Every structure is written in structure tokens, then in C-alpha cells.
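Here you get one chain, nothing else, as C-alpha cells; it is the form predicted on its own.
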Amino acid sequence: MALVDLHLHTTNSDGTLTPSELVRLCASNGLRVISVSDHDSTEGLSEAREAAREFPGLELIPGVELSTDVPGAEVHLLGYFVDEEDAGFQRTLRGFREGRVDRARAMVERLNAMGLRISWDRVREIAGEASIGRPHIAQALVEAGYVRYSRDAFDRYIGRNGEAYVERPNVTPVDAVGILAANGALPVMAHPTYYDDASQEGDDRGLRHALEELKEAGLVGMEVHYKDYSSDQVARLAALADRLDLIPCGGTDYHALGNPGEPEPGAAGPPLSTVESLRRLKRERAVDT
């Protein structure tokens, strides 16, 4: 098990554990540094921070995850050491969450048109006060018996190649990096091989070009250690991060969705040296400002 997991979700976005429950699980799994990085929301950080006080050996890095679309792909950006008190940043996040509602409603309408009768009210009930996302739609599909597991809903209907998929509002990856950098957070590209099919098969030319563009905008790292990456993928991505002078980050992207074999926090993650690199860069940037 890793000692660091920098990609975790709670009920404040599309996870199924509360921030307190997640922190307790991470502590029981022996983790020493974690980041709660909910989609378009920092609302769970206060509860997570309070829960972490019960475990003196556990450090919480405040995080967030922003999602963007590019032609034929999705790019997700993680931000570490987020300034939660930044009013402008919070207004931006609220706008993103409102866009999520419109997008999710459009997906439900497409599913209904296909004959999959799930209700928008039920999707909202599942999401509760959280930032609504596709996993809430997936759970509704599971409840209605259309799929067995939430991952099947993504594979068949609401993943990028699914019939009911709807793109996000037009926020580019460069925009997202700029938003995080303006907040003072450290922008990191999440699960980079998801950028395109070629990168999943070992051809990193397109990914490298995207990373170079994002680094120019302020990107400081990329996920190298990720829940479903093979040792060969990790080695390849580590070499790419080193070549581009990006900090090698990672984590399990844990949602507690109940999919078979879902890795728990700590099943994947970077070394403690990654945390030292992030801390050092954050200190340097604080001095510069």
C-alpha cells in the first residue's frame, strides 16, 4: 500500500463516503498524506480537516478537481493547496456546479428518449447537496435495473462514447489551469492516459503536446501513479514527467461506488517525495507573491 493518495472523492461531489468516513478509512489503511479533491467543490474540506485532527499522523492537502472537454476527449485538472477563502474562485466553482446540473438533466432526457426510464428527481435525490455528476445518474440506472454496476452505465450510456453523453460547458484545459493558478493552487493533470486512445496504447505524442501546452499555462504535475495503471504505464509516464519537469503525482480516484475490485485509498499513490516537491513549490510561490 502507498502512504500517499492525492485523488479522493466524497459525498460533496460524486463519492459515497462522507468526508469524515473517507478520512477514517484512509487512516485505517495507513495513509500519511491525502488530498480530498471533489469535483468543482471544496465544501467537504472543512469536515475532512476536522476529522483528520483525530489522526495526528495524517496530513490533509486541500484539493479540487476541474473537468474540461476537448475534441474527442476529456481532460481533468487537480488543484492542490487550494485557497478555499478565495471568493472569486468559489463563484467560479458555483458556476461549474450549475453547469453540471444542466448537463446531467440533458443526459437523463437522452436516456429517457432511449427508453431508460429514470427520473430527474431521483438523480437529484441521490446527489443530495453534492455537486451533481454522472455517477449519480449511474446509480439511478443501477437502481432501476438497467445495469448491474455503475461502471456498466459509463461503458454503455454516459461515458464519452455512450449514446447519452453530453459535453460540459466550454471550459478548456488551459482555462482550468489558469483558474487554479490564479487561486494559488498547484495544477496537476489527472489520469493523463485518458487524454486519448493513442496514449492508452503507448503513443504519447499527443499527450506530450497537450502537457507542454498546459505547462506553459502553469501546469506543475501529472498523475503517474493511478489506480488502474500497469507497472509499464507508470514507468512510461514517470519518464515523461521527468522529461517535462512535472511532479509525478497520483492516487486511486476513490469514489466508493461498489464496483467489483474498486481499489481502496492507498492502493495506488506517489511516494512521499512527491509531497515534498509539492510543498516546496507551494512555499516558493508564496514567497514570490
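Predicted model only: the values in this text are computed from it and were never measured. Don't overthink the numbering: it's just position in the shown sequence, from 1.
Omitted from view is the form predicted in complex with adenosine monophosphate, to which the following refers.
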| Closest heavy atom of Pro173 to adenosine monophosphate in the predicted complex, within 4.5 Å or not? | no
| message | Within 4.5 Å, heavy atoms only: does Arg151 come near adenosine monophosphate in the predicted complex? | response | yes
| said: I'd like to check something about Gly79: if you look in the predicted complex, is any of its heavy atoms closer than or equal to 4.5 Å to a heavy atom of adenosine monophosphate? | reply: no
| request: Give a yes/no on whether Asn29 approaches adenosine monophosphate to within 4.5 Å in the predicted complex, heavy atoms considered. | output: no
| in the predicted complex, which of the stretches 180-188, 197-205, 82-90, 130-138 has residues with heavy atoms within 4.5 Å of adenosine monophosphate? | 130-138
| request: Kindly confirm or deny that Ser46, Arg279 and Arg285 each have some heavy atom within 4.5 angstroms of adenosine monophosphate in the predicted complex. | output: no
| query | Going by adenosine monophosphate in the predicted complex, which residues of 33-49 come within 4.5 Å of it through any heavy atom? | reply | His39
